Every structure is written in structure tokens, then in C-alpha cells.
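Provided below as C-alpha cells are two forms of one protein chain, presented individually as structure 1 and structure 2.
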Structure 1
């Protein structure tokens, strides 16, 4: 039996052919949608997300100009500047939610799907790694960070000249890549593949 992730309806597990879609009859949520080369695409997107995350952390994020003074700042500079004092817990939480947890999730997906994409047996503790990746999914908040930055820029734009750096656009691309990756991934199919490869 499989529980629908949206309405908790219990459904009878069945094999779904490649390219077909199995949906919940009660709420219509897609339960399983295996696609050709899906694992390879997810791996490529996860690698692209890791590269974009490196660019987003170390490249200049914003450039502020006011009264003849110009200040460039990267995300790493911001974290380091507020990493002491009363703001340290908030800064650590921000760094974890928008950098550390997403990177951990990308690495876990690469660890789980990499061997299976080549037709090999799953890596050791692959099931635990995939369970961790799924548990971190609601807490990886790069997209929330981008929305917050966009709102803040609207308010700051009236006080100073604001230029968006390459790290900002890297973050935007990262959010798009993450959405595409999650759309490609059929979690039920991954679990079934893990079980099948471990017993074969």
C-alpha cells in the first residue's frame, strides 16, 4: 500500500510503465511518474545547482552606492559580518537554510542516484541518504531568500543606487534548477528502484 502525500489516502501499489503517470483518485496528486533518463537529468541538475551555489556564495551579490561611496558585498561577507554578537544565531540559521541544507540535499541526491544512473547497485546507506534528502526538502529555502531579497531591494532602491551582482542571478538560476530537479524526480520510483537494485 502507498499513502497519498496530499490526502493520506491508502492506494494499492502497482507497477507504472515508463512515461505513464499514476495519480491519487481522491485528490489527483501525482503519486508516481517514471520518465526515461530521469535519474541522469536529476544528477545533471544537482551538479549545476552545486556550481551555482558556489557562485552565489562567493561572487558579489549586491552593489550599493550612496553619497559617492560604493560597497560590494557577497553572501559570505554578509554572513561573516554578522556572525558575532546577538545576531550570530540568526546569521547561522540563515546560512544553514539557504546554503548548508540545500548543498547537503544536492550531495545526498548525487550519492543516491549516481550509482543507479550507471546501472550499478545502490551505494551503502543510500536509503538513509535519500530519506535525509527528503527530510531536508521543506527546509532548503533558497527560493524564500530570493523573495525576501527582492522585497528588501524595493525598499532600499529609494535610499541608494542598487546594482545586482552575478551572485544574485546565480541564486535565481539555482531556484529554477531546483524546481526543475524536483519536477523530474518521482520519489516513489526512486524508492522502488532502490529496493529492486538492493535485492538484485
Structure 2
């Protein structure tokens, strides 16, 4: 038996076929949706996301030109914008939301799903790592940041000429990759696989 994580309905814990979707008859929450090669795809996407994040942090993000001067701003500069004065604590929060938490999530997912994709036994503390990855999910805000950039561009447009740097496009790609990756995941399937591999 299995209990629906959302409404607590008791359901028969049947094996869900590849490509099928099992959802709760009471509340409609998707319980399991295994897809062929899902684990491998998540790993590839998480790796791609990590590389894109590195590019996004170190390349110039936005370029602002006014009165013959050009100012480049990287993601790091954006984070540091709050570094002085009363708003200093926000620096840490910003760095966490945009860079640190997403990176931690990617690393945790790689650690948990890497051995799974090759059919190996789970790594040590894989359960804690996956719990961490799931707990961080709402706090990794890369896609919100992208919309923020768009709004900022409009606000500053009257003041100076703004162009997007390579890091911006890396970041957009990162968001797409992250959304794709999260759509492949079905939490219950990962837990069941981890559990089965651990005991086998």
C-alpha cells in the first residue's frame, strides 16, 4: 500500500509501466510517472545546468552604455549590489537564491541519480542528498531572476543604452534546462528506486 502524499488516500502500490502516469483518484495528484531513461536525462540536464551556471556567473551579464562610457555588470555584481549599508544581509540571500541553492541542488541530484542511471547501488547518504534537493526546490529562483532582469531593462532603458551579455543567454538556457529537468522527475519513483537498490 502507499498513501497519497497530498491527501493521505490509501492506494494499491502497483508497478507503474514506463510512459504511464499514476495519479491519485481522490485528489488527482500525480504519484508516479516513470519515463524511459528519465534518470539519465536528469543527469545530463543537471550537468548542463552546472556548466551554464559557471558561464553565467563569470561572463558579463548586462552592458550599460551612457555618455560614451560602458559598464559591464556580471551576476556577481548584481549579488553584491546589496553589500553595503543596511541591506547587507540581502547579499547573502540573493547569492543563495540565484546561485548557491541552484548549484547545491544540481550537485545533490547528480550525486543521487548518477549511480542510479548506471544501475549501481546508491551512494552513501543518497537519501539525505535527495531530501535536500527536494527541500531546496522552491528556493532556487533562477527563473524569477530572469523576469527581474527583463523588468530592470525596461526601467533603465530611458537612462542609458543597455545590451545583454553572453551570461544572460547562458542564464536563460539554464532556466529552460532546469524546468525540463524538474518535469522528468517523479519523486516517488526516485524514492522507490533508491529503496529497491539499497536492499538488493
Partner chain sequence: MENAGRPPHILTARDAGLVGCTQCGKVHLPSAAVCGRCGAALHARDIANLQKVWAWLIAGIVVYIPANLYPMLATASLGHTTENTILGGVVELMHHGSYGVAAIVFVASIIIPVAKFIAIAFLGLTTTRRVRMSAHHRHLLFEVVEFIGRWSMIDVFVVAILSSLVRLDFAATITPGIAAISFALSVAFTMMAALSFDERLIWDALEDE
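Think of the rigid core as the biggest set of C-alphas that the two forms share within 1.5 Å after superposition. Residue numbers count along the first chain shown, from 1. In this text, all values refer to a predicted model and were calculated from it rather than measured experimentally.
Q: So which is the form predicted on its own here, 1 or 2?
A: Of the two, structure 1 is the form predicted on its own.
Q: Is residue 27 among the residues whose Cα moves by 2 Å or more between structure 1 and structure 2 after superposition of the rigid core?
A: Shift of 2 Å or more: yes.
Q: Superposing on the rigid core, is the Cα displacement of residue 182 between structure 1 and structure 2 2 Å or more?
A: No, the C-alpha position differs by under 2 Å between structure 1 and structure 2.
Q: With both forms fit on the core, is the shift of the CA atom of residue 95 between structure 1 and structure 2 2 Å or larger?
A: Stays below the 2 Å threshold, so no.
Q: Fit the two forms on their core, then tell me the C-alpha shift of residue 6 between structure 1 and structure 2 in angstrom.
A: It moves 5.2 Å at the C-alpha.
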